[in-house]
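Subsequent text provides structure tokens for two forms of one protein chain, presented individually as structure 1 and structure 2.
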Structure 1
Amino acid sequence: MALARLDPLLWLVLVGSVGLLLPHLPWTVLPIVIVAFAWRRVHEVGGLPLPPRWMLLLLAAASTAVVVLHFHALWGRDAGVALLVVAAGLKLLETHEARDQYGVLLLAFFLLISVLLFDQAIVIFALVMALFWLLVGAWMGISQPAGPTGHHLGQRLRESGRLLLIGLPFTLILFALFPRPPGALWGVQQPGGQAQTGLSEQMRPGQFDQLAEDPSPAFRVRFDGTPVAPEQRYWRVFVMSGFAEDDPESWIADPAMGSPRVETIDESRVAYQVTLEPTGARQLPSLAAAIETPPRSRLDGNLVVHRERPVDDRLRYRLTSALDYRLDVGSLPRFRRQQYLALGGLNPLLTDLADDWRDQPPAARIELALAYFRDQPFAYTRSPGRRDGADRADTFLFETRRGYCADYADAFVRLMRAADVPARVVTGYQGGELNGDYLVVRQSDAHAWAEVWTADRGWQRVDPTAAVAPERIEEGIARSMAGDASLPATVRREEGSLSRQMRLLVEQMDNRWNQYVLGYDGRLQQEWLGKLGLAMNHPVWPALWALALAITAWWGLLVLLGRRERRRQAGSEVEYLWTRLQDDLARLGIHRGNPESERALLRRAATTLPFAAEDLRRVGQLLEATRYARSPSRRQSALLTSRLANLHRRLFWRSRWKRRRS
């Protein structure tokens, strides 16, 4: 049957899913896809003939080449999805008959699912589900082009919605109970994927300014007890003591070495759970001095938690930290000391200033430096003006006096080193916003501070930013920057505004979604089952599994044997299917009395079940033709088999529901 127009629902799903994939497609394939879609549309509306076969082959070869050139591969997520999109577009151009739509339909299913490979946010998921609903409706329309459901979109959508609803409980049960491997189900690792935002192992000038504009969550924290006070929320990620080889103005993170020489005060312990967005790095944010680290990770000598593998998926881990601790008290190894005293540049003015403090005890030098920041007219701002070139710290300290956290940390550490106090830069996050029962830490909360070493106290945290802008530490980046109109409103967080409340609500929903749906992994599953008293190691499980398996196998065997027996009794496939259909009709209250012929029965059924009237009529015709006509064709008999099976499927649940309701 020649196809005049593609099923409208199929169109919708194609356009919708390609639209959702658009941000992830290379621009090079876009023209091909747009041309293909437009050609199809013009063909349907204006009668433009579809391209000949050789042109399709050419297009296919060209687009494959484009994809290969762009990705240097045909495999992998991005290249695969690009190919899939191109294939869908080209398939549209060779869809001539109604049954060709099945190819498009199949591609549409793949396209739709591939959207979730890129993004599993709740909004995207909802959109994909809506498109899925339309797609099932399209499927119904395509498989029954002449039937009453072939044309009425409303009826098809109702029917498809009904099917999805019927499937929902099974989906939920399988989702909750099906055994899962540890790790997020949707984690699709992309080696060398898109650039990660967030902190990096190198602290470059200006890096933090950009982060301040990024309101996306970096991680979320749930404390076991009350959340720690704002001024304690220093989330440690990188410890930096050296300079980049190519740029003495950039700090670079220390490699993970040794294990900490640390004393912790037990009373200051806090336990918390962090859900970390993918960073692509190995370091896990932690508070103060971590004591118990999550599995497959370790604590290095700088109290940084390192994981064995980079965090490419959203990761949840538990930590216990001591807020009160002493690290490396007493002495530092000589080479260490030298490392913590190295000056990355010349900065003559800075060195002069620090030289004046050398005769004071170390603790006093720290105080003097902080006092310098406090007393001079320093400003805390994201737009410090010029800060490139050599002797950047001098420019900042003595000329501009305007800077962001990184500028203060950088200058402070250099000052300390010049004053012969071992010091280093720590980057991470500071603060976070309480939302319900958890704390959201955003990229805009990224922060840099300093650690200085004294023999009696070991490493201690000193935050020069706090000396300049104490509100940054106590109330967070939002309040301290509320007047900065160049920041997005999402970062400024105007107190009490409706949009902020809405945003927090959405953020909470997003968190739940991440925690309980996307993050529902083997561990969480066990946790939940454990709460129900059915932990996986509970001795009842093997027995339950065995029982379930046995029942399923037994039931399946019975069904199979019963079916075979009924088929044997019926004599042929058609007879069996016909008896089964008669059973369905009987369940719907259409019993066949004896003198009634099959034709009369089907006519009666057609008046009672108008939605299936057309199918019943066709079945009647075919049944008569195969049974009573002079030379029934094999094709008719095959057609009858499929029609009977179809009709059975259509009536099966309806008849079962009806029976239960009556």
Structure 2
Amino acid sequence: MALARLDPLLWLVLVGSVGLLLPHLPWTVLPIVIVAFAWRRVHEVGGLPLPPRWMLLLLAAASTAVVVLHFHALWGRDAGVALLVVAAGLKLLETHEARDQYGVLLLAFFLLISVLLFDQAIVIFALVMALFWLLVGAWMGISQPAGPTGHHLGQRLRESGRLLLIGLPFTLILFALFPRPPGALWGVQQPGGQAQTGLSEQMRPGQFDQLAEDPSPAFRVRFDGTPVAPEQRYWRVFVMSGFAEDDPESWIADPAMGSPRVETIDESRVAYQVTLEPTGARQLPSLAAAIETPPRSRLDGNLVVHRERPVDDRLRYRLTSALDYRLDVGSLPRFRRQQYLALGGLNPLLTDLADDWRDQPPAARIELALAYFRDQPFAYTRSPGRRDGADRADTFLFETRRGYCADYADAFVRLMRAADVPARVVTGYQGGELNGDYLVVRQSDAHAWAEVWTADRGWQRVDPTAAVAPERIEEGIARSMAGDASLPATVRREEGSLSRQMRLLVEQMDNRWNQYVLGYDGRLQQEWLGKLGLAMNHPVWPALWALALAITAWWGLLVLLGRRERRRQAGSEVEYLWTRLQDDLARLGIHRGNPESERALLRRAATTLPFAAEDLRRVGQLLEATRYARSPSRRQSALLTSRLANLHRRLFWRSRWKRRRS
């Protein structure tokens, strides 16, 4: 049968799913998809002929070539989804018959699933489920084009919603009990994953200023006990002691070193769980000195936690850190000491200032540098003025005196090195905002600080930003940047801001979704089953339990729905139960004849079933009173319903048993 127009629900699903995939498609395939959709629509509305087969083959070959040129492959998530979208568009141009819609329908299912390969946020999941609901409705319309469900969208949507609700218990039971993989759902490695903008392995001038405008979460932390104090929330990511080859004003991260020479204080240990957003890097944020690291990761000599693979997808891991520790106490290898004393750039004024401190003990030189920041009119701002040139530190220290955390860390480390104190820059995050029962650390909390080395204390953290803007450390970026109207309300933490409150609420929902749905892995499943006393080591048993419970629940639901349908067809509860009683009597061999009245049937049944004679007689009286009374009372109707239900329960199993014996 020739097809005049595509099913409207199928149209909605195609447009919606491609719209959700748009941010992940290369721009080179967009013209092909847009032209294909527009051509199909003009064909349906204006009668424009569909392209001939040779043109479709040409378009298919050209689309494949475009995808290969863009991704250099035909496999993988990104290339595969691009091909799928192009195939859906071209399929629209060769859909002539009604049955051809099945091909489009199948492609639409794959398109919906592919959306979740890129993003599993609760909002995206809700949109995909809504489109899935429409798609089932489209399926019903395509399958029954001449039936009642083929014409009324409302009825199709009601029926498709009902089907989805019937399958929901089965889905929930399998989700909860079926054996889970070791990692969370987001833990599947994807080629070319979702790495986002954040800290990088090179600290350039102005980098942290831009991050201050980004309110998106970098990671979330749930502590096993009380969250650590704000001034202790230094999340270590990169340690930088060298300069970029082409830019001596930019710091570059050290490669992974050997094992650390560290002493920790047991009383200062804290355990916590981190849910990290994609970074594209191998380094995992951690507090102070990590003691216990996640699987497939290790702690290097700079106390940086390195993972085997880059974090291309959301990652959840557990850590234990010691807040009090001593690192590299005693001595440093000669080549390391030279590395930590190297000066980059040309800053003669800075060198002259540090030369005046060289006759002081190392601890006094550190205090003199901090006092310099406190006593001079320095300002903590994202608008520092000039930052270019090989004497950037001189410009900052003696001219502009305006800078952000990276400017203070950079200048302080150079001062220390010029004063013959080994020093290095550390970048990561500082602070965080409590939202419910977890701490959210945003990209705007990115921070840079310094570490200096002395023989008696080893490496110690020194934050020169605290000397200028102590509120930045104690209360976060919100307090220190409260007057900067260019920052989002979420970053400034405006208490009365509706947008901030909504964002916090959405983030709480996202976090719970991530923790309890996407993060529902094998470990959480075992913990949950253990609380119910159902912990099983072998994965076969939970699978069998899941299948058994799901089948039982499904069967029970079908029975309830069948009973509800029969009651609806009977017209009332009394008529439904009366029909059931006649069925019970028929199974016991007491069939109602055509001219036989209800009273005669019940009398005959009372004679045959003496153990239920009194109940049958009473039901007959109530039935006549209800049927033929001018105004039957509610009490009589309720009593009749109760009697019929009791009598049905008494005769049901007896009739079943008799049928089985016969």
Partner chain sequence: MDATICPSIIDRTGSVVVGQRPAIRKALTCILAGGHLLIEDLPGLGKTTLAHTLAQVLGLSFKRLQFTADMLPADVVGSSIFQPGGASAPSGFRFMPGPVFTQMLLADEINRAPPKVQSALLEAMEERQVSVDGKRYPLPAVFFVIATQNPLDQAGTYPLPESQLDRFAMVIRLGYPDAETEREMLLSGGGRAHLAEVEPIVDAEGLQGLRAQAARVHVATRIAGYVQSLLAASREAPEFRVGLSPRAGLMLLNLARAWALIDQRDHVLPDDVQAVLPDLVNHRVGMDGHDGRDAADLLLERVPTP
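All residue numbers here refer to structure 1's sequence, counted from 1. The term rigid core refers to the maximal set of C-alpha atoms that superpose within 1.5 Å between the two forms. Please read all numbers here as calculations on a predicted model, not as lab measurements.
Of the two forms shown, the one predicted in complex with the partner chain is structure 1, not structure 2.
A displacement of less than 2 angstroms separates the C-alpha positions of Leu25 between structure 1 and structure 2, with the rigid core held in common. If you fit the rigid core between structure 1 and structure 2, you'll see the Cα of Val13 move by less than 2 angstroms. Once both forms are fitted on their rigid core, the CA atom of Leu585 lies 2 Å or more apart between structure 1 and structure 2. Shown is the Cα shift of Arg334 between structure 1 and structure 2 after rigid core superposition, which amounts to 2.5 Å. The Cα position of Ala548 changes by 6.0 Å between structure 1 and structure 2 once both are aligned on the rigid core.
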